[in-house]
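A single chain comes next, written as structure tokens; it is the form predicted on its own.
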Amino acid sequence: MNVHFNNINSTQSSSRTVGLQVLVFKTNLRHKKDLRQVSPVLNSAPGILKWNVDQADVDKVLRIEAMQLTEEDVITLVTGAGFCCEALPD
């Protein structure tokens, strides 16, 4: 089951052109309550345009489409919400 969320953040800087990034992470976001807990954090993060979690995947893969965001930024957000998050190689 894929759970999709969209977040269009109006606070992004338009003065600098940066390409769209797709960042992929292994997480322990297993349950709906986990998604409810992490949603406000990811939805309010500047730079995140869209995110989803593949709950059917054994690695509970978090996929993020973002502008001006690093893997470390996402790991800090997700771990700060109390969950494990590890970047997956390309």
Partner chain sequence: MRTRDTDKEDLVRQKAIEMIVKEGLDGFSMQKLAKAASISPATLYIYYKDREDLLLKLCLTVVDEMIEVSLAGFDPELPFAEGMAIQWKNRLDYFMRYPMEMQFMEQVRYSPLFEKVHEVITAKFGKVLGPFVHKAIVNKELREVPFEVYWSVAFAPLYQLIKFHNQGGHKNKHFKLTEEVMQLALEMVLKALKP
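Positions refer to the first chain, counted from 1. No experiment lies behind these values; they were computed from the predicted model shown.
A second form of this protein, the form predicted together with the partner chain, is not displayed here; the remarks below concern that form.
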| item | value |
| --- | --- |
| Contact check for Val24, Asp57 and Arg63 against the partner chain in the model of the complex, heavy atom at 4.5 Å | yes |
| Interface membership of Leu88, the partner chain in the model of the complex, 4.5 Å heavy atom rule | yes |
| Any non-hydrogen atom of Ser44 within 4.5 angstroms of the partner chain in the model of the complex | no |
| Asn52, heavy atom within 4.5 angstroms of the partner chain in the model of the complex | yes |
